[in-house]
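In structure tokens, the next block holds one chain alone, the form predicted on its own.
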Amino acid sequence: MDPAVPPSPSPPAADGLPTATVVLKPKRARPFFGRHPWVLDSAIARLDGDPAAGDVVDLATHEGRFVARGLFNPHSRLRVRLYAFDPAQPLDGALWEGRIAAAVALRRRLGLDATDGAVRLVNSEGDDLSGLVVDRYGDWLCVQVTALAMAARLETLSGILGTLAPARGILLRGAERGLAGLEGLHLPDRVVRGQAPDGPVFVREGNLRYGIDLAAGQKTGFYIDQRDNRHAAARHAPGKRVLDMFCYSGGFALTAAAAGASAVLAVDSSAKATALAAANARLNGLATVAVETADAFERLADLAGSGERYGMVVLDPPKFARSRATVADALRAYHRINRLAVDLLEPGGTLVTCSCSGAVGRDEFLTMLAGVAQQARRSIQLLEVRGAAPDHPVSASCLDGEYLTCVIARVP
């Protein structure tokens, strides 16, 4: 092995039984009896044993009472991720297979298992599989790991996925090293099983088809979480001029055009994204969609300054806040783009504005909109406040997983 390349994590023991006990500080156990899956280092009093990265550990109160069983990461503030709350339950292959099978079965019950569609099969904490995200795009699966212990079990997990959700290829995408103590690991995007697609993968959403770049696209390739929000927004599009800012591959723009918008301008700063959006418009024969590559903040200001007006403006920016420390800056950025968007709306126009910054609470986002209304001296009439599509379930024990806010509003 090249000594300059950090190694992948060592495979865990097969039996799934604990090698050590993590003992909590006094009065810190309540969230974990409530099944919150994240144990931060600040809640831990001591380690009884010497667990390696990725090992199974038990979590106990300061009095020695069993709380839960999880996986250990000495390199992260999120020191233990919890997966079982029964002391008789090992964290073995049977557990992972049962959890993944339940997640796949849920999507089938939701009617989201079309072979030519896109669906999130596993949504981390929402499916009791903290640190694992799996999206299916037609014949391919994209896997994202955000936990060291899941990276260590990637071979086992991919084998289970290959059985329960057969695919031509399983791709590893976008391991978030800085968020989960994955620093120093060799986790490049790669083919885990099978083969990579030799070009764009095409999926169907409603009556539209989208080409998706699984090799280099954002997230795992497509914004599946906005599926229902795109269709909800499109109900307001017929007969209107629509502006779709931060359009990526054109989801909101194409759905609005197909619903009868008179003209749609889709803008993104990424030339790759706009090329894909333009190709998707051509693929669906949507001649009313025009696509531009430009900085969204600058283009919004230019359009407002030139007196342009739209019947609907869509704002779906990338994550502005990655932690609570950057929330104030993020809210200022959200205020700025929404203020410009309101100036661009004709009376009675529709504002569709989104935040995928989990650190920004829904109430904070709505308060920001109240500030925009005050500064613009225009009402913002909330019609719908939405979240992610149902294949992105959120655990009631871990509401941190509720990251997406999509507001549909009328601006008189």
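Every value quoted in this text rests on a predicted model; they were computed, and no experiment measured them. Residue positions are given as counts along the sequence shown, with the first one as 1.
The form predicted in complex with a small molecule is left out here; the points below concern that form.
- Task: Have a look at 264-272, 91-99, 131-139, 196-204 and name the one stretch with heavy atoms inside 4.5 Å of the small molecule in the predicted complex.
- Result: Contact-bearing stretch, as computed: 264-272.
- Looking at G117, P317, P74, G159, which has any heavy atom no more than 4.5 Å from the small molecule in the predicted complex? If I apply the 4.5 Å criterion carefully, the residue I get is P317.
- Considering V313, C247, A149, V289, which brings a non-hydrogen atom within 4.5 Å of the small molecule in the predicted complex? Result of the distance check: C247.
- Query: With the partner left out of view, is F252 within 4.5 angstroms of the small molecule in the predicted complex by any non-hydrogen atom?
  - Reply: Yes, F252 is a contact residue.
- Query: Do A294 and the small molecule share at least one heavy atom pair within 4.5 Å in the predicted complex?
  - Reply: So A294 counts as contacting the small molecule.
- Does the small molecule come within 4.5 Å of any heavy atom of Y223 in the predicted complex? Answer yes; at least one heavy atom of Y223 falls within 4.5 Å of the small molecule in the predicted complex.
- Query: So in the predicted complex, does R230 come within 4.5 Å of the small molecule, heavy atom to heavy atom?
  - Reply: Contact check for R230: yes, within 4.5 Å of the small molecule in the predicted complex.
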